[in-house]
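Before any questions on how it binds or moves, here is one chain, the form predicted alone, in structure tokens.
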């Protein structure tokens, strides 16, 4: 085993786990180490709306139990943070100062929810939805048939809202330029898609019509828990305020690594970065796309899973190029509702 190649994966989401599975199948004698800040084993984040249907046992969300990793000889390092990557010496440094050498590295660290700077001072009054414990907190805070105010309204938020509306919660969307992210909806088409949201049960307020958001505060005694004030002087009250403004790649540890970064890690069509032994897959990378002559992000469960498999295949000797797994266009159904391919994860 001392001569076996050591494949290291940063991240334990869809891309990282698909890569580990493929690496083990194609390179059975290798060492595989997966490093993740998550305390939970791999679980499907797209299933988090189930929390609002009463499912609060985290074990029911886990896709691969601990035995899976032992059986496949994948060293899973949970609750472990990478703070630096050295591409020259092919090492990564963990927060507790340990250094790990790699022969190949796959960066599949994913992305975190983005919050615009002007809202950062209100962060303590906002509830997130990026992790299991955050979903549970929202579900436990929201009263029966409570009122959720969504800011932005990216596809993750809109997907959650479908469940909330079905469960007879009230959902008010403060729509802005982030609504429908990462879909690109033209100004000409936007009214049709906003109308579709209303048809689905959303209450929609166009932020620009109220002069945008001026403040978020605690609600007064006897009123809902949150109070929003707009620049035109109007107010909106709700039980929970949730921001959904898309995401930003988690790549702090790659600064100074010697690998090229724009917004995400820049990779060739084979998912190799500017270092021959470092690859990237998932929401943290931009793939060179010849058809548009630029580096592009590709989102959604199907794309991210396919990236993990492709990266692992190329790490183990293949020479294959990236192909998107679905059309990324936002659609309208015959009954006047929106349908996003990013909601398809089976």
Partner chain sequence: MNTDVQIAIVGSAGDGTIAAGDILRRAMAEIGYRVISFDLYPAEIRGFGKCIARLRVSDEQAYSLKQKSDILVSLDDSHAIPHVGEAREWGAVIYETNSVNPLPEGAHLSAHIDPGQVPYNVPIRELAEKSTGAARSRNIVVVGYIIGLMRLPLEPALRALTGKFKGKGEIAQKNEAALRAGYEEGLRWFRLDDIEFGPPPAQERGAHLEMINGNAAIVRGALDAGIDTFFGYPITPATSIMERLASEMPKRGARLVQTEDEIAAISATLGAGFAGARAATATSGPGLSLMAEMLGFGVIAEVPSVVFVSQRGGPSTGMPTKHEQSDLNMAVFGGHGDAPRIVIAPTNVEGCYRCAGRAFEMAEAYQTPVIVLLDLYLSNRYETVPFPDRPPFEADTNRYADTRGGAAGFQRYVLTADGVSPRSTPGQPGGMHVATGLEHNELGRPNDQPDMHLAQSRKRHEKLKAALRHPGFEPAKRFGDTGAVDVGLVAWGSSFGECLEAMYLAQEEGIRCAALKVLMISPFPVEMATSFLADCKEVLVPEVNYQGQFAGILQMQVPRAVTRMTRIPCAPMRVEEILDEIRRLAGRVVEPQAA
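Treat the numbers as computed from the prediction; the structure is a model and nothing was measured. Residue numbers count along the first chain shown, from 1.
We do not show the form predicted together with the partner chain, though everything after this point is about it.
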query	finding
Contact residue in the predicted bound form, from 295, 301, 69, 52 (heavy atom within 4.5 Å of the partner chain)	69
Heavy atom within 4.5 Å of the partner chain in the predicted bound form - the one residue of 100, 200, 207, 160 that qualifies	100
Distance check, residue 78 to the partner chain in the predicted bound form, heavy atom within 4.5 Å	yes
Contact test in the predicted bound form: residue 46 vs the partner chain, heavy atoms, 4.5 Å	no
is_contact(residue 83, the partner chain) in the predicted bound form, heavy atom dist at most 4.5 Å	no
Proximity of residue 313 to the partner chain in the predicted bound form, heavy atoms at 4.5 Å	no
Options 218 to 226, 265 to 273, 90 to 98, 150 to 158; stretch whose heavy atom lies within 4.5 Å of the partner chain in the predicted bound form	90 to 98
Residues from 176 to 193 in contact with the partner chain (non-hydrogen atom within 4.5 Å) in the predicted bound form	none
